[in-house]
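Before any questions on how it binds or moves, here is one chain, the form predicted on its own, in structure tokens.
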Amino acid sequence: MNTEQQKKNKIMSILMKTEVSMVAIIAIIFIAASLGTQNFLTAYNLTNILKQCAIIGIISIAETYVIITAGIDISCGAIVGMSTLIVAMSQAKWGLSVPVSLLLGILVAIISGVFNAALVYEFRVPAFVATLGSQTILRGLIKVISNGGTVAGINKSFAGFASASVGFIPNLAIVWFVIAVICFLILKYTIFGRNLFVLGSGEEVAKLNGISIRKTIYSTYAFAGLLYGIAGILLCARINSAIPTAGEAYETNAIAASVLGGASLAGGCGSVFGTVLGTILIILIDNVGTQFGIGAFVMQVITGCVIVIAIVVDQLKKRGKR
């Protein structure tokens, strides 16, 4: 009897894992969409889903790193937008080479991340308020630099990277997969990754473990900035330009994907694999809604409900642990 009970408990613990639940939900939606629509299983649509997942997926991984430390980054979409603009301006207006433009796009994103870290650590501004302020500043700068217009004239070979694929897998998705694997390994097997979880458990706990809070916070936001810069580069290549609204509302999907994937807004919990699944779910819901002819406004409501449910579940989990 004890053995049977142990088996049941083991099965239940596996089923209760966030990643297992996410895979099951994604599978159900995938099957329903395949049976209920004609265009869902087409190569074009599946490729489009992967392309959408790639950019949001990279941003979501960066957001997960920040959330694990008990922080949050509202400025991620604006940083991506600024990186996109700098890459486009470098190529179309300033006459710089593609490699230089990419480096500038990443550099601006990292600097933005370091600026957020300075506000959070040096001035003790709550992460939400600090990054919200950064978002507003960056959005204003984007409009000033671009004069509120579209920047076109991107290098053709650079833009072609986003539309190319290896077999049936888009280049954008390959970049996402590679980054996800690297970030998974960093989070699981490096001292830096371990420090994120310890810091997320509380600053006092981090101090007792001899962890430099300053170094960890700066490293986290700078690394997030690096990923935002890469996402900005991919976005610029995909839309073949830069627009003032690039990256808007990306923070909503990024935070949603992180929380859906098991990251706790209280910190100390999160996984790259869960975030990847969360990204797929968010993009899949939007795509399936379109396939079934559901209006954009209604889909916004549905996405909002999914986010609220994820946050409520996160809060219930925390209460259960107490």
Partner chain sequence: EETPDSLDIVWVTCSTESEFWQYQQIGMENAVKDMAEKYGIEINFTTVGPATEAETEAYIRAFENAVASKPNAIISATQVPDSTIAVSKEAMDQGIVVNFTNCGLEPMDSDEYSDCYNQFYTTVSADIGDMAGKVMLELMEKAGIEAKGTVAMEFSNVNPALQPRMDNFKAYLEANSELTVLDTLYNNNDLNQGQADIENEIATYGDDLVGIYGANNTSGDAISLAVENAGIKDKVITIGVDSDPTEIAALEAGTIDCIIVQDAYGQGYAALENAVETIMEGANPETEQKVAMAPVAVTTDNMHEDEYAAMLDPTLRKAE
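Positions refer to the first chain, counted from 1. Under this definition, the rigid core comprises the largest set of C-alpha atoms superposing within 1.5 Å between the forms. Just so you know, these numbers come straight off a predicted model, no measurement behind them.
Separately, the form predicted in complex with the partner chain exists; it is not shown, and the next lines address it.
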Tell me which of 222 to 230, 236 to 244, 99 to 107, 83 to 91 has residues with heavy atoms within 4.5 angstroms of the partner chain in the predicted complex? 236 to 244
Given that the partner is absent here, does residue 36 sit within 4.5 Å of the partner chain in the predicted complex, heavy atoms only? no
My question is simply whether residue 271 lines the interface with the partner chain in the predicted complex - judged by any non-hydrogen atom within 4.5 Å. no
With a cut-off of 4.5 Å between heavy atoms, is residue 296 one of the residues that contacts the partner chain in the predicted complex? yes
Is residue 55 close enough to the partner chain in the predicted complex to count, meaning some heavy atom within 4.5 Å? yes
Who in 41 to 73 is close to the partner chain in the predicted complex, meaning a heavy atom within 4.5 Å? 44, 45, 48, 51, 52, 55
Core aligned, does the CA of residue 266 move at least 2 Å between this form and the one not shown? no
Is_shifted residue 284 between this form and the one not shown (CA, 2 Å cut-off, rigid core): no
Is residue 298 displaced by at least 2 Å at its C-alpha between this form and the one not shown when the rigid core is overlaid? yes
